[in-house]
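The form predicted alone is given below as one chain in structure tokens.
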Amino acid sequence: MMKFIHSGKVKDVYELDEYNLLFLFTDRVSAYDVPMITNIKGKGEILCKFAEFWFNYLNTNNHMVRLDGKDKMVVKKLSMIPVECVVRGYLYGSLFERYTATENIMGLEPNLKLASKLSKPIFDPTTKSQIHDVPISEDQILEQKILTKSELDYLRNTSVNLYNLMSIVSDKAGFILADVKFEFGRDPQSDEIILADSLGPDEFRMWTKESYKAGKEQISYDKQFLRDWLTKVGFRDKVRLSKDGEKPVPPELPSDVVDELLKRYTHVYEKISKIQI
């Protein structure tokens, strides 16, 4: 009998046996680390399909065992590494905010526009938290003994290589992969570090090539569409002004926002998954 483990922002996790877990991809959605009170019906199925596609396409050791229905995935039970491995190919989101506030951040050249393509993808890790992920430097990772030097090198190099592979298929489908977040865990059987969690529009930022233009906000086929709407209605300001540990109550999402978000998730999945690889 399955044992319930916990509910994350998007997935419910169950223990199947000593070695395997079941991920239930729900229709929940969160933004700015706040769970929304409105579900996106059908979102869980798209995220499950997308995760399966990328795990198969990337051809790197990962925790997927098999699908178990349209919104469920059986995965290996891992000891998760408490670092989110973010790779950025474009200056956007929190990186742009830090870039405009800090000189010489991560060695980036000065006077870059919003959404500029970087000279090369950069590894920009964050902490892993249920409350709020924050950037963490490689030096801090080593000082806090979260990873050894060789483990950190492996995660950085693997993450950048995976980003490059994902960028190739995204480009063929007419998209730009601006950035992506990877998670890894240690296999208790082999002690090998392998790719884990999920890969979909909740984990990456995806733009269309035809609409891309540096210096402006981009049309996003990912969760950024929801973030932009929440910013427009003032919810992001409420999050910024809230005290640590306290989260403001999110607004109900109107039907047109719900429909458009699902439409964009579905569109990017259908376009990318049909690419011959």
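Each form is matched to the other, and the largest set of C-alpha atoms that superpose within 1.5 Å is called the rigid core. The first residue of the sequence shown is number 1, and the count goes up from there. Not measured: the values here are computed from a predicted model.
Omitted here: the form predicted together with a small molecule. The next part is about that form.
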Inset, instruction - Would you mind picking out the stretch of 138 to 146, 111 to 119, 164 to 172, 192 to 200 that comes within 4.5 angstroms of the small molecule in the predicted complex, counting non-hydrogen atoms? - result: 192 to 200
Legend entry - Contact assignment for the small molecule in the predicted complex, among L155, L95, I176, V75, heavy atom within 4.5 Å: V75
Inset, instruction - Give a yes/no on whether Y265 approaches the small molecule to within 4.5 Å in the predicted complex, heavy atoms considered. - result: no
Legend entry - Interface membership of I105, the small molecule in the predicted complex, 4.5 Å heavy atom rule: no
Inset, instruction - Indicate whether the small molecule has at least one heavy atom within 4.5 Å of a heavy atom of H6 in the predicted complex. - result: yes
Legend entry - Interface membership of L16, the small molecule in the predicted complex, 4.5 Å heavy atom rule: no
Inset, instruction - Please say whether, between the shown form and the other one, the C-alpha of D33 moves by 2 Å or more once the core is aligned. - result: yes
